[in-house]
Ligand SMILES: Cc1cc2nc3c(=O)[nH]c(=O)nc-3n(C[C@H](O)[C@H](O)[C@H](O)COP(=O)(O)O)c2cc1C
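Single chain ahead, written as structure tokens, the form predicted alone.
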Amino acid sequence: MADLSIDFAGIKSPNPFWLASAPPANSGEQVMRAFDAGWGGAVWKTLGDPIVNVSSRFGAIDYAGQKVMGFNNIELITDRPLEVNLREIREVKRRYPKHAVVVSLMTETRDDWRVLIRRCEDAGADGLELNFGCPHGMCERGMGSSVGQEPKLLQEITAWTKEFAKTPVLVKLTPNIGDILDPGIAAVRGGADGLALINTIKSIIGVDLDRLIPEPRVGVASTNGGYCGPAVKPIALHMVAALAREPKITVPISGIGGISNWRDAAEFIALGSTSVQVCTAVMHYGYRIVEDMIDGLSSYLDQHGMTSVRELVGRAIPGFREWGELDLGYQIVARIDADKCIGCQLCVAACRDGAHQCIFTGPDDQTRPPQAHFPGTAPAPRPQVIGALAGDRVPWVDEPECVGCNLCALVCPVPGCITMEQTSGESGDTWNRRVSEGRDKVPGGIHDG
């Protein structure tokens, strides 16, 4: 069985699954229940001077029958007294010495940072996470994402904390920025021992159309909040991978953003995360989702001959290329399994209106559209394909015109009915190679004709 334990910049944890700094890590009682369920670590909900929160404070988007596809909050940092939090941290570490307890921090002055760090480390924190990502409420006060969006300021404050800290310092980054490399490199220059990302995305989750007030509603008004949940996972994966590929990023990464199951976690780790932090899925389903994460990741590592999480970290990075390095000769086309097709015609509509007009129905040859790569007639298959379920409603693909865009397979409601199959291998011809050899001008350009 693979070893799931990790060492994140000196912070040891029995597995890579940590609670993110958020409501699920708001108190000692919660963190201890989470550890009993199997979580390897927790990033304590952000400490600073306690604030006053509003009601209500959460909003969500449901999509196609799935609840909480996207989640939004306007909740701020802890509203509980600092001394109470510190007492609970001390108790958690006494009972769970082998679990990771990282404390998220947010404050203003250099002296505030010094005092807050000292008190948290005295309470037994294994590490500190600087919250430079919160995009609502605190940034208007000069903290959170207002720091994360200013690399020089982020670097300076990180350097302050490194003067005071005896434990590892993680910097949590905001995605509300043009290039994630700028704050990431600044954090490393400031001395950060690790990076954590992404924090939430600045957002308005919706509008109450009866009252004409944005949501979540606080009396007669609302404000922008932070967006997270499964919908943000692709953005988070991109930013984690961008940092993992950057040679100047020499510290481990804790991945955050829409992680709901072991597959999500494995993807983050394969793109460079050493630990993963989870929030929305726990708020939706509870702490016990970690059981699936542990079992799933362990089985995956075993099946692929990996003996530890370390062997998976960054394994997918070599598979990333800039667009100009992709193989222009590689080609796939859509193939439809007639016996699985239910004749819904979704692929026909999607291809006709949203793609390349190469999927048809019926026994007759079809006239290709004027913009076709090979103008003329698309020959229908003979004899006509008759499906087990769809009968003569089974569509057919004009393969010479199929560009392998995937849209038909993406919209098909039947698993495995439409597959994308390779028709030609790698050629080694890339756009960058064309540029270097002077073959980058395609006929039909600005100066032709």
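Keep in mind it's a predicted model, so treat the numbers as computed, not measured. All residue numbers refer to positions in the sequence shown, first residue = 1.
Below: the form predicted in complex with this ligand, not depicted.
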| query | finding |
| --- | --- |
| Ligand-site obstruction classification: this ligand, superposed in the model of the complex, backbone or C-beta within 2.4 Å | open |
| Residues Ala22, Ser104 and Gly258 all lining this ligand in the model of the complex, heavy atom within 4.5 Å | yes |
| Contact assignment for this ligand in the model of the complex, among Val232, Ile249, Leu86, Ala241, heavy atom within 4.5 Å | Val232 |
| In the model of the complex, the residue from Val207, Ala159, Met283, Ile177 that sits within 4.5 Å of this ligand by heavy atoms | Met283 |
| Location of this ligand contact in the model of the complex, chosen stretch of 163 to 171, 316 to 324, 273 to 281, 216 to 224 [non-hydrogen atom, 4.5 Å] | 273 to 281 |
| Contact test in the model of the complex: Ile77 vs this ligand, heavy atoms, 4.5 Å | yes |
| Val147 within 4.5 Å of this ligand in the model of the complex, heavy atoms | no |
| 4.5 Å heavy atom contact, Ile269 and this ligand in the model of the complex | no |
| 4.5 Å heavy atom contact, Ser254 to this ligand in the model of the complex | no |
| Partner contacts in the model of the complex for 188 to 206 (non-hydrogen atom within 4.5 angstroms of this ligand) | Ile198, Asn199, Thr200 |
